[in-house]
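There is one chain below, alone, in structure tokens, taken in the form predicted on its own.
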């Protein structure tokens, strides 16, 4: 396992962390009254768009899972449209799961859907950038010893950390503290964000620490 590849992963992940921090800071210079808590829905949109854009750019530049097969322009368009459909389906699925876990069904629909979009950005978009609209590849990566590269190992860690962060973020909501961050879905979205950021930092460190034990199968 090359140290240079781990450094590339670390640099890309730190750039994602820095981008998320900027989404909480930069808009306040142009938008009076902007805060992550006070204008949370706006921040959800800004964070989702910025993280999505950065991940797509990083994928195009770094090409972590580059295929050596040449594809036609029509195939690329079809692949792009499938990715868009998969992402939208992921948002709907996350929305349904969140409602099943106790989110309001009719009230706060916008809040719930934007939270689902954020979760899809932290999880599904990563899979689409890395693996494309290939469900079998997704199942392989998230099965035991299924990762074939450090990028796929990082995908595993960041996805799991994002979902766990969102789940842990739900715990303070029913508590009678009357804090502004207990309003739905602030604590869950912040939990998912902190979980995602933690996963971005933990992944390259864990891979570096276990680099001698990690052996990836050839494609």
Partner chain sequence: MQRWPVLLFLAWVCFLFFAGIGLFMSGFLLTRIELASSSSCADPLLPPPWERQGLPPGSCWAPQRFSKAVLVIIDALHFEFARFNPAKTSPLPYENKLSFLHHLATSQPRHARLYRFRADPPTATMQRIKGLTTGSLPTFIDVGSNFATYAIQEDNLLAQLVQNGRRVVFMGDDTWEGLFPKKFFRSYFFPSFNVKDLHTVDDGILQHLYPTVDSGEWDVLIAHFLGVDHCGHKHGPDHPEMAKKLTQMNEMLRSLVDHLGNDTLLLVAGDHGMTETGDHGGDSEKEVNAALFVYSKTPLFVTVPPEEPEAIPQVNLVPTVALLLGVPIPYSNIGEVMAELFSGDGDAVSAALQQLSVYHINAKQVDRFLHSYSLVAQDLPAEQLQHLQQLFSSAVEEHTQLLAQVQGATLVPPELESRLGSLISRFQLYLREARALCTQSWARFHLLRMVGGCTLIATSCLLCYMASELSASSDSFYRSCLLYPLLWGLMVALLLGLAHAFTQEGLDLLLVSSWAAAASQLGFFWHWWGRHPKQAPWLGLAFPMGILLFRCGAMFSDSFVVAEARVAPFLLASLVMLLVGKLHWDGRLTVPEGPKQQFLGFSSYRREIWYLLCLVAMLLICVRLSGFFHQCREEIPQCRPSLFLSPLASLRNTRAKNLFYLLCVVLLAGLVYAVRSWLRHYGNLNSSDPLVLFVRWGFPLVVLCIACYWAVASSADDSLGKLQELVQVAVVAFPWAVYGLASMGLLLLLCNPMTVFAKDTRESPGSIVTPYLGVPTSEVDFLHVIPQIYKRMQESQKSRLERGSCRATVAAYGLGSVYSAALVIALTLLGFLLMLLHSERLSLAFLLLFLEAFVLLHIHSRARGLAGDPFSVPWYAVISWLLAASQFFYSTGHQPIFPAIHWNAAFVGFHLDHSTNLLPAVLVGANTFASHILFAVGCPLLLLWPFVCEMPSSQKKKPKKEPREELQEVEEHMMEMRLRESPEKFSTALLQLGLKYLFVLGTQLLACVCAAMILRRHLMVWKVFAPKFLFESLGFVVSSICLLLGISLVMRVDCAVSTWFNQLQLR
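All of these numbers come straight from a predicted model, not from anything done at the bench. Positions refer to the first chain, counted from 1.
Note that the form predicted in complex with the partner chain isn't included here; everything after this is about it.
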Check: So in the model of the complex, does any heavy atom of residue 170 sit within 4.5 Å of the partner chain?
Finding: yes
### Query
Quick one: is residue 156 in contact with the partner chain in the model of the complex, heavy atoms, 4.5 Å cut-off?
yes
(Q) Residue-level contact is defined here as any heavy atom of the residue lying within 4.5 Å of the partner chain in the model of the complex; does residue 144 satisfy this criterion? (A) yes
4.5 Å heavy atom contact, residue 134 and the partner chain in the model of the complex
yes
Assert contact residue (the partner chain, in the model of the complex, non-hydrogen atom within 4.5 Å, options 103, 83, 130, 116) equals 103
Here the chain appears without its partner; judged in the model of the complex, the stretch of 108-116, 144-152, 84-92, 122-130 with heavy atoms within 4.5 Å of the partner chain is 144-152
